[in-house]
Each structure stands twice: as C-alpha cells, then as structure tokens.
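Okay, so here's just one chain, in structure tokens, the form predicted alone.
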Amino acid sequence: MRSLRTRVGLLLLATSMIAASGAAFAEQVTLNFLTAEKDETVAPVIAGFEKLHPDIKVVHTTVPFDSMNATIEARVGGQDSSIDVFLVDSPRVPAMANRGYLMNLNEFRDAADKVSNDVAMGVVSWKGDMYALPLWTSTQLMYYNKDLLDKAGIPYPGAKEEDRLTYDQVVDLAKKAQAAGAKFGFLPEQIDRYYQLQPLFESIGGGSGLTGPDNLTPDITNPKWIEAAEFYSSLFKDGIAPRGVPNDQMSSVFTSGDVAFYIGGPWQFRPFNAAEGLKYGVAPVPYFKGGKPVVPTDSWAVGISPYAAHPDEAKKFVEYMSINPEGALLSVANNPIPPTNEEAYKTYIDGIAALNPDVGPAAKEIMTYELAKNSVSRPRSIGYVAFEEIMNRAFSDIRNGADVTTTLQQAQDQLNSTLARIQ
C-alpha cells in the first residue's frame, strides 16, 4: 500500500496537470494584424470578431502608409511569423503574390464572388489565383465651399451625371472664386499621388501609363499624357493650387475655408461636417472635354502571411471582415469608405445619405453611379510598386515647377530600366 505522503503527492500532481491542461485549453490565440489605419478605424471590426470568437484575440499594429510596403517587405519577406493578417493596397497584390508574400486564398473564391462585384474580385487575383479578400473600395467627389461660391456669384454645381463639369470649366470658376477672395481655387486631396491623378490621364485618353504584356511597358510620354500633365502643372504655376503643402495636410486647407473646389474621398465627410462654420456641397469629379468621366477606385484588401503563426484563425478573421456582411460593415464603421461587400454597401450608403441632410442624398447619388460606371482601377502589374514610386516623384517635381516633358521623359527612361529588370 502506498504511503499517505505518496498518495497526496500523486493527487497534487494530477491536480496540477488538470489545471495546466485547463489553462492551455482556455488560452487565447493571439492574431497580429498590421495596417496603416488608426486603432479607432479597425476597433469595431476587431471587437465584433472577438465577440464571436472569444478564444481569439486580435492585436493591431499600425504603421504610416508610406512605410507599409517596406514593413511587409522586411517582416513577411523575412519569413517573420509575427504578422498573421495585413491590409494590402489592391494594385500591389500582383507584386506581393509574385514575391510569395501572400497566402493563396482560392478556398474563399466562391463565397467572395457571391458578395463582391467583378472589379473587386479582379484586383485581388493574380494569374488565376486569389491572394487576398476584397475589403474596401473607393471613389471621389468634388467638394465645393458654398460661402466662397456665394461670394463670387457662382451657382452650385449639380449632382446629376449630366451636370458634370469639365476641368476647364472648373478652373474658370476657380479663378472667379479667387478673384472674389478665395485663397485657392481648385485642388486634389492626394496632390501628387498616382491614385488621385490617374483620372486626368485616363479621362483625356492617355491611358494608365502602363501597357504591353502584364503591364510592364511604360507609356507616359504620349501626347495625351503630356497634355494632362501640363494641365496639372498649370494649377500650381497659376496659383490655383498650393505648392509646399503635403498630402496629409491638404484637407485642412479646405476645412479652413480657403478652397473653392476640392476633389477628395468620402472619408472626408466626417472631418468636413465637424469643421466649424464650413458649409459645403458635393458634385461629380470633372472630366476633359472630348474625353470620358473617370474616377479612381480600389482600396485596401486583406491578406494572410504565408508564414502566419495562426493561419486557421487568420482565415476566420479575414472571412469575417470581407465575406460576412456584419464584419464588412463594422470595418467601415469609423471610416466612411465603401465596403466591397454588396450587402454591407446598401447599409453603408444609406448611412452616408443620413450624415448630412444637405449633402447626403447628393453624395449617395454620385457615389452610386460613379462606382457602377466610371471607376477605373490602377494597372495590374508586378511592377506597379516601382511604377507608383517613380510616378509620385515625377508628379511632385512637376508640382514644384519642373518642366513637364523633360520630367516625364526622365521618368519614362527610369521606368524602362526598372521594369526591364522586373520582367
């Protein structure tokens, strides 16, 4: 017979083993989620997911937008398992998939296809495989300052498709507003980024800037590209738009009441509504006479690292954010950008319409027809990242007074060299 001490020891050992087993069973899995968004933007969708999955905790890490690509290159490219899920700028999907930075998500194709349109599905696929799930899309509107237009005697632009102004008409009105006291007449929000400026070149008929097999041949020196770039240059040369103001401060120029016309995304509704004394309206983005209406689109998709420490839990999270309409809607609760989930979009756009009785109905009308008819994605290419970086530098140079033809030719030469190595 075992001694009392032995039996007590065995009992204590068994108890400790049961307790340890229970603790392991109850332990949460931690998912690491990397974005370029503020904590408050992703907090609602994280809270909704954790409520459904109390055994999974999502930890959010944010980095500046301009550092996002470098962070993914360093950490996922280095096979670091500390990132499970991350947001992917849609046109970067081909390059990231080509480099092995994204897990194949073909298992979600059928489910995603049922809730997202063809444009949203197309930008997350590469060579027949799906590497991210659609999350958000985007469009643009032309905001105008009612007080500045009233002061200049300018009628408010209409919101219907047939009311769309040409770029030349807007510039003429902008100059009239400046003559009546507006500091600036007309400016884009992302003042030297390809996303915002692509519509200039597409509307005039110059193309996206990339052609050929797999969009690896630059085409930014054709006559239409030069004409559109000259128009862009003239906005700053003539003082219609400001030099020296960075992208992230551009919206404050409008909220301060200094700009007559401003092209920006629907994410500006909240700060514009909150700006004291700002009275504004919305109209469709202009187009070039003889060309076609074009607005930029796409936004962040959501992907999984091939080296994720918790791939099964990561799949549950991305499915909730993208395919589940509840999660898709929560993902834009604190960031009014359109979700690609079509069921969630219906609730989202009605919410936009209710934001401001004066602006909401017009915004709903404009956004709905722009997304359906006039949205153009950025070019699909494994060389897009390099293309965007080179073009953004060229746009910045042009904004600051560099010669248009010379700058575009230098960018073309640089792109020829860079994209040839990628091929």
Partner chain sequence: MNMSARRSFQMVLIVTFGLLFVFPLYWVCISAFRPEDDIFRYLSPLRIWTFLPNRVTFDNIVTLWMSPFARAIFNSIFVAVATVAGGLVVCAMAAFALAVIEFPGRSLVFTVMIVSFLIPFDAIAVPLYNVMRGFGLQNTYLGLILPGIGNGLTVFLLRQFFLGLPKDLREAGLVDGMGYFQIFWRIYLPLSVPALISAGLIMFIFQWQAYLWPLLIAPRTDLKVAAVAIAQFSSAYDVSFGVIFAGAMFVSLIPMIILVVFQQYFTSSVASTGGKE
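Positions refer to the first chain, counted from 1. Note that the coordinates shown come from a computational prediction; the quantities given were computed from them, not determined experimentally.
One more form of this protein, predicted together with its partner chain, exists but is not displayed; see below.
- Comment: 270-278 is the region of 210-218, 345-353, 317-325, 270-278 lying near its partner chain in the model of the complex, near meaning a non-hydrogen atom within 4.5 Å.
- Proximity to its partner chain in the model of the complex, taken as a non-hydrogen atom within 4.5 angstroms, holds for one residue of W225, Y194, W300, Y131, which is W300.
- When its partner chain is considered in the model of the complex, only one residue from D80, D147, D113, E230 comes within 4.5 Å through any heavy atom, namely D80.
- Contact annotation for the candidate site: P64, T71 and I337 all lie close to its partner chain in the model of the complex (heavy atom within 4.5 Å).
- Not displayed here, its partner chain is approached by K183 to within 4.5 Å at the level of heavy atoms in the model of the complex.
- Contact between K51 and its partner chain in the model of the complex is not found at the 4.5 Å heavy atom cutoff.
- None of the heavy atoms of K373 is located within 4.5 Å of its partner chain in the model of the complex.
- None of the heavy atoms of R92 is located within 4.5 Å of its partner chain in the model of the complex.
- Annotation for 242-262: interface residues with its partner chain in the model of the complex are D248, Q249, S252, T255, S256 [heavy atom within 4.5 Å].
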